[in-house]
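One chain comes next, on its own, written out as structure tokens in the form predicted alone.
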């Protein structure tokens, strides 16, 4: 692996090691780091081989099982007899057990992707955007569908325009369910007036999160009136398992709605009106600033230099949110290659540790389902980042203090020491492993500690728990 390249004056221009650790999934004993910014960006342009090699179900595929469950339960409900409720509960238990097994399998597939990819920036972007558009299943049938959601709504749009990803995520069944959109009915809609029931009302969750989290940001130029008007526009947006996504005028608020000073919709309303407001929000200057800041925080520093944010923001505005141009602006800025980097979130720590040790399909095949619980799910929970378990629509914290606190770091050493149980064949000499995991310029104190360790197990753990490895 190459050493660091510097411009005159000592400013880091491009560093293959930083390229793979800060903008990729970590150093690997079998995958070389990228040599240029162009190579990093080329790796995002199309699905990587690991996405085919280690597949995760699409949301449509997941829905086929939901539909099978629904049909089975319909047949049971049509029966008479005292055992009906018990049969329904049994069908649901069978579905949830199978879905939980799939979720654990997709976790392993995700780690194999991180470990094996030669397009680490693409994997990191998929994680970043799935977190930006956090959605979880609240209803039982959708409880384990976060990975299929990301596979279908996020990955296909990683190198398009932001507005396309925004539309795909906001109108996705999982997002609509997560933010209770199925409960939203226009107060003056024909449906609400006919029912005249209090349980049918306007739900502002989706509108608020679109403005506050997905586009303009918390400090964006919107008011409560904008939130309500957008919620009224969204009120016709519904999704049903057996029908799919649809705009239902009978539950929408009649008339046009005014969001940020612009009118959308008509007396009838249609899905195109929702797409129009989302595209306008995606192209708003405040959205450009919000997205630029989030990218800089996630990849470079939790307190990024404003010059870096402005450069990313300018690329966003100049191209109407064309994401490859936005990524290029970040990667080509000198400030992106300086500083200590962020503390790795637990998922990133686990993924980069497995990558450094060469986690491969043979290792995954040897894992039993129960081991995935004890060696991945449980440790991630103890580290403070349960798999697909963000507590709210704002996703995971980007604050280093969240992950660098004694509580946040306490569970990491034990997991690092347990790696020989997960990877029984992966016990490299720590004196060699330190250079694999940290690169040729590994800190001398870590090199000394790795060489002085009493066992390979302890030496590997010392490298993984070093401050140099804990940061991007």
Partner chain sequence: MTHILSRRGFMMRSAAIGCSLAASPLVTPMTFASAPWDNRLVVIILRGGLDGLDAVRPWGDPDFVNARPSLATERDPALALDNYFGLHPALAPLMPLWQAGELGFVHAASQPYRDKRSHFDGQDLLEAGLASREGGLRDGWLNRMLQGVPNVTADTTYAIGREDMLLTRGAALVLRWTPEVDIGLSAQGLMLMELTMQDDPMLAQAMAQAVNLADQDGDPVVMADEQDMMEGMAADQKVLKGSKSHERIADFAAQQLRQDARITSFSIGGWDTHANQSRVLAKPLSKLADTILRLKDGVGANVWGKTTVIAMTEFGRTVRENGTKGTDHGTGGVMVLSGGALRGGKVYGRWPGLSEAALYDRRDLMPTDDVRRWAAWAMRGSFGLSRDHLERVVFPGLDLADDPNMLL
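Just so we're clear, the structure is a prediction, and the values are computed from it rather than from any experiment. Positions refer to the first chain, counted from 1.
Keep in mind the form predicted together with the partner chain is missing from the figure; the text below concerns it.
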Quick one: is residue 105 in contact with the partner chain in the predicted bound form, heavy atoms, 4.5 Å cut-off? no
Does any heavy atom of residue 339 come within 4.5 Å of a heavy atom of the partner chain in the predicted bound form? no
Can residue 364 be called a contact residue for the partner chain in the predicted bound form at 4.5 Å between heavy atoms? no
I'd like to know if residue 148 sits close to the partner chain in the predicted bound form, meaning any non-hydrogen atom pair within 4.5 angstroms. no
Counting any heavy atom within 4.5 Å as contact, can you tell me which stretch out of 24-32, 38-46, 418-426, 58-66 lines the partner chain in the predicted bound form? 418-426
With the partner chain left out of view, choose which of 248, 310, 73, 183 has a non-hydrogen atom within 4.5 angstroms of it in the predicted bound form. 183
Sole residue of 50, 436, 442, 411 within 4.5 Å of the partner chain in the predicted bound form, by heavy atom: 411
Looking in the predicted bound form, is the partner chain within 4.5 angstroms of a heavy atom from every one of 92, 244 and 329? no
